[in-house]
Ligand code: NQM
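Below, in structure tokens: the form predicted alone, a single chain.
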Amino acid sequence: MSSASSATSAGIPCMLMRGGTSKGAYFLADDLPADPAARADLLLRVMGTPDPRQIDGIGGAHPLTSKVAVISRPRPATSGVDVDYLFLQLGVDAATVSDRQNCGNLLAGVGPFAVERGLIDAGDERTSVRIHMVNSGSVATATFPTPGGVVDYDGDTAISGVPGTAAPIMLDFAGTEGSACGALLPTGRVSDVIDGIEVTCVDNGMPVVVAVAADLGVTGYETPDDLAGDARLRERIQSLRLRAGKLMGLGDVTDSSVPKTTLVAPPRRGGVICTRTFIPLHPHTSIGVLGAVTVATALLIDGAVGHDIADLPEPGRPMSVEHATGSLEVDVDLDTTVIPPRVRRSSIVRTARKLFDGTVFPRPKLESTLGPQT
């Protein structure tokens, strides 16, 4: 019996977790093929991709629920961290697997998962886990409650886009500046004009193209469903991101989920800015963690798109980034006394919850369905 057939019949240990406003399958690296192509093919069959409904897998028919976290002990070359975290974004109706970005939402579940799998010894009250984000080489520290040495997912912290409350998970970031592009401002400029639209291309953990919503003919307050039905808007955003991708050093991003595009408008609910984000063309129901960190960073730069319409707080105070289903508080410490600006640190509070822990059975490997890997 082939290894693929064995995996299909015997199943693979898997934990499904909600991390922030995303949901994904968490695996130990040792439980997956070491070869990236074989791993990608297996995960596509686990998720049920390609299929708009992902009916024959555990994917949720949406980019926010077609995600994978691969966790392992740190490699010898990685010092000062507790675990390695590789994020993989799987397509839904297209057989694609991308490692070109981080996911700050699934990151919220990495520390608890590492404790659950015995990679990390839990503290008596709280546990801090230093996480190497393999996609970018940056480091995040997750701190979460572990009373009695057991992960406690219950708590009174609410985050927009998730019903109810859960235990707080503090995420502190270091080295996220230029995560995929090599620089905070990858074009070397605070703003650029693409297709007649002024944009700021920025990367503090997530490559993002920031544009004023009104410049693309929308208000920035539409619902995700309204935006999804605007075919002309999608065409303009695709043109923006394709050209921006080349300017940002990302090359041809046709089959990539980055850069993200975030449209901004003046805040309406007491926040710093109102946002609508596309991943890459599908409207986000909220905003990604590192996407929010990146947008908030741009707002602090004089001359960047959104800076003039943002209601910025006093220095040192967190920034509330409004999105379609609420808001997300971000803390960014940016040194603007140097050119280009330098990020000192970023942090955010998320929550996570274990949904199930067991064995997942990928669909049989009838034929290769793997599309472009980016």
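In this text, all values refer to a predicted model and were calculated from it rather than measured experimentally. Numbering starts at 1 and runs along the sequence shown.
Below, we refer to the form predicted together with the ligand, which is not included among the displayed structures.
J.: Look up in the model of the complex whether Val68 has a non-hydrogen atom within 4.5 angstroms of the ligand, and give yes or no.
T.: No, Val68 is distant from the partner.
J.: Answer with yes or no whether Thr275 is in contact with the ligand in the model of the complex, where contact means some heavy atom within 4.5 Å.
T.: Answer no; every heavy atom of Thr275 is more than 4.5 Å from the ligand in the model of the complex.
J.: With the cut-off set at 4.5 Å between non-hydrogen atoms, does Gly288 touch the ligand in the model of the complex?
T.: Gly288: yes, in contact with the ligand in the model of the complex.
J.: Mark Val115 yes when one of its heavy atoms lies within 4.5 Å of a heavy atom of the ligand in the model of the complex, and no otherwise.
T.: Output for Val115 is no: heavy atoms all beyond 4.5 Å of the ligand.
J.: Based on heavy atom distances of at most 4.5 Å to the ligand in the model of the complex, which listed stretch, 162-170, 99-107, 215-223, 192-200, is the contact stretch?
T.: Checking each option against the 4.5 Å cut-off leaves 99-107.
J.: Here the chain is shown alone; which of Leu242, Ile279, Val81, Ile120 has a heavy atom within 4.5 Å of the ligand in the model of the complex?
T.: It is Ile279 that has a heavy atom within 4.5 Å of the partner.
J.: Can you pick the one in Ala140, Ala298, Leu90, Met206 that has a heavy atom within 4.5 Å of the ligand in the model of the complex?
T.: Contact residue from the list: Met206.
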